[in-house]
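In structure tokens, the next block holds one chain alone, the form predicted alone.
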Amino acid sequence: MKFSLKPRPLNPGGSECRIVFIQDKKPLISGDSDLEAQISAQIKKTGFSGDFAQTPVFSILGKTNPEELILTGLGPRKHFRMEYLERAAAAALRAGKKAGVKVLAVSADAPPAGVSETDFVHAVARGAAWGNYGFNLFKTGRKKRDHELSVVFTGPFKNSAACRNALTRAELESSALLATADLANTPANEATPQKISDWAKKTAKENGLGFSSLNKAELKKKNCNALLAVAAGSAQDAKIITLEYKGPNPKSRPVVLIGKTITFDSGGISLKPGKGMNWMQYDKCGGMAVLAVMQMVAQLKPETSVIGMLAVAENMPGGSAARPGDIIKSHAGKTIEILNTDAEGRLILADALSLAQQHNPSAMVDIATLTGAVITALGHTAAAVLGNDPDLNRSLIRAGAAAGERFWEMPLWPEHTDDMNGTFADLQNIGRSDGAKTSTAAAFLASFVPETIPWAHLDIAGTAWEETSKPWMDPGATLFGARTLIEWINGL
């Protein structure tokens, strides 16, 4: 897929199909009253509401030649968010591709209110690249992805150089997202812990990142027994994979990103219901987001040093599996009663959070498909952020809003910590009560983080994948969180 900037108005009736964003049932165009009137008439005639990601395709009679248009809805202005713009661009790309369009043109001189032209170019380009993605690695006779599609941003531009930089950034970020999407969508029989380690090693070499991977023996030597307990019932050994980017200042303390990477979650002995269990190959999506971010970091080269860690395991009910009632000692030395083997994500993150402190981080952020309770609280619209530093939480929420991902801060109170105290050990891996499960899970993790290190936990269980086709994407991994984290890192 190709992107370009042309500091000229669109050529009506040319070979390009124009994308026009619709907000409050009005087209966002500038300087062409005739076209605006024709589109408005078409909207009224067809009853097109301009709702989010609706994408009709039609022709109008231009001043000289017929012109192909794709209208894509942003919904009402009062509800506008950057995620709507990016997804609407993806939906428009998919509609154009389905219609056989080869070149799509977007005028950058009429973005939605409050959106700069650089942010507009960045979001639309990244959305279009995502809209061009489809996972078909395991389909026989599959066609190669269409690389002939082009998106042209037309002017006039207020700042062509800044727009070009925004477009370059979008291309680099999209390259990382699409490269990781295939791995994120690959099922557990193919995306094993070892194969993820091999993939990460290859990616690190290609991007100039440091790489290391701890195997079972090394994890045992480091007393990462919480992680090892999760993997005990599987034929696949656990891993902790680390990718490292060194910023320009060698004395700067890094931020550490930690991703839950459960390649398949059967629930272990506390077996999940069979219905929908096939989606548990996506329990690795926190780690996949971290992998995508580390590729972005390597290409964008921010000032801040960044370390990405993946805690990788498969949770299976084999003969050696951990049992409810087992007590293990974590890397931090704290003992844990395993009362439910399906609360495994917090176990692997406990050891990873503890191990991460050897890097003397300035901040730590973990990202995980951790609790079904977050879906009860927030649905599939937003992810939760919790942590020990309100400023860090707020900065991640702001980064998410700018990046087109929605986060909501949830409480982490002393009562949640008390709920995780063990009966026969220091901690237990599920709460005593049935309520506040997202907060009690985060409270368990907080037990492994010193208060002197700013830390945030992102629970993406409701946003990490789509189970049905959407206008902006096929079913599969969304890589939710990656866009927010790179936005946050760039702002440090």
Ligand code: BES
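Residues carry their position along the shown sequence, with the first being 1. No experiment lies behind these values; they were computed from the predicted model shown.
Same protein, other form: the form predicted in complex with the named molecule, not shown, and the subject of what follows.
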Looking at the named molecule in the predicted bound form, is some heavy atom of each of 260, 280 and 372 within 4.5 Å of it?
-> yes
Hey, in the predicted bound form, is residue 123 touching the named molecule, heavy atoms inside 4.5 Å?
-> no
Partner proximity in the predicted bound form: residue 343 to the named molecule, non-hydrogen atom cutoff 4.5 Å = yes
Do residue 464 and the named molecule come within 4.5 Å of each other in the predicted bound form, heavy atoms counted?
-> no
Residue 98, heavy atom within 4.5 angstroms of the named molecule in the predicted bound form = no
Within 4.5 Å of the named molecule in the predicted bound form, counting heavy atoms only, one of 299-307, 150-158, 398-406, 373-381 shows up; tell me which.
-> 373-381
Here the chain is shown alone; which of 173, 351, 86, 265 has a heavy atom within 4.5 Å of the named molecule in the predicted bound form?
-> 265
Name the single residue among 425, 28, 453, 430 that comes within 4.5 Å of the named molecule in the predicted bound form, judging by heavy atoms.
-> 430
